[in-house]
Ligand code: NAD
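Let's start with one chain on its own, the form predicted alone, as structure tokens.
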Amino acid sequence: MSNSFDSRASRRDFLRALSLGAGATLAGSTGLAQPLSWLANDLAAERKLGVALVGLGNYSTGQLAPALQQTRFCQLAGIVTGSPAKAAQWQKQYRLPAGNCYDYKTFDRIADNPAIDIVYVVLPNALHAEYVVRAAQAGKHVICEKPMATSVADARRMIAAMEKAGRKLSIGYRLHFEPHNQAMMRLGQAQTYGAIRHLAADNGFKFDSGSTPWRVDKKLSGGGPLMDMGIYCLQGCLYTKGQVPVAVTASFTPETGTGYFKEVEAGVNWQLRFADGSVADCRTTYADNMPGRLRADATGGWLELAPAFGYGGLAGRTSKNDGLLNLPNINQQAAQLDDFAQCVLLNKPTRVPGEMGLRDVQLLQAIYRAAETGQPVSTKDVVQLIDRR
């Protein structure tokens, strides 16, 4: 390593330059071939980036807050909730300063809090746009849970707000940081088993009285299982194939008679058609428990994850039994959070940007149109963005 980086003071100067937007040129000028992870380590040693969780539902409580206890580059620094009881509980459990605990009316004061660098929006889908825009106006970097928005217009508005603020926006696609799904991306796109001719994916659970009510409230959710569990199937097929489809067909599955699905669909079956003639058959439901599966059949074999999309216990196999999918299970949320923190620290792009979220909202809307009309829907105008591994 160059002697110019031997002292902590010179490192601080380098990091200051990175924060001013010169990261790409500086990284190139140093001649360092590897990512400058030592810089992120150096900054994190001084102060981890502070994350505020907006919405303290099951995902924040059961996954994100525990993950933030395991991260290297960021930490839980604040919360936003409409429940005084939850605020008191979290403040005590995680030793949060009272000044870092907000409700939805006082949220904008977060702009004056230097201890919070990143806002993670974990609200019902229809509220994503409002709080991403408000976080941008507060000058904070943002992670937004999937799906990014309930309309293409809102997704574009979110991207524009973040760009205007000069802050980074990442979508909560945790599986892009998970070893099994990363291997599917890599092996599928490299055509390790030949050209992929067919993909299959399914994911769902049985909605009941104990499930989160807003998921079947169309005003808040934007739709049913397609907007929730189905997006994993869509994403999995896209990043395994490495292409965006040219058209979709779809159909709704029948109402189950439970009375839960008065406003949203009980399930959807859909097919993605790619330019090379290959197809992906997907299904999602709130009427049946599915462990989640992602499979690719290629000209020289096949590869499959089952379970594919859960928080843990993922497993894979291939036609050649070559061990390429025998991988460890990790804390996916911790990996996702640390990756975004390094993007902020090193001023580098996130692999799951707002444009990817926009692409998926476009595709979800196309699937709904296909199911509603019973006709194929072209996707030629969809954002052409794929995670390359």
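From a predicted model like this one, the values you see are computed outputs, not experimental measurements. A residue's number is simply how far along the shown sequence it sits, counting from 1.
Only in words, not in the display: the form predicted together with the ligand, which the text now covers.
Contact with the ligand, judged by heavy atoms within 4.5 Å in the predicted bound form, is confined among 289-297, 142-150, 245-253, 182-190 to 142-150. The shortest heavy atom separation between residue 55 and the ligand in the predicted bound form is within 4.5 Å.
Residue contact with the ligand in the predicted bound form: residue 223 places no heavy atom within 4.5 Å of it.
In the predicted bound form, the ligand sits beyond 4.5 Å of every heavy atom of residue 264. Taking non-hydrogen atoms only, residue 127 approaches the ligand to within 4.5 angstroms in the predicted bound form.
Of the residues 212, 269, 318, 137, just one reaches the ligand in the predicted bound form with a heavy atom at 4.5 Å or closer; this is 212. Between the ligand and the residues 232, 239, 73, 260, the one pair within 4.5 Å by heavy atoms in the predicted bound form involves 232. Contact annotation for 154-173: a single residue, 172, has a non-hydrogen atom within 4.5 angstroms of the ligand in the predicted bound form.
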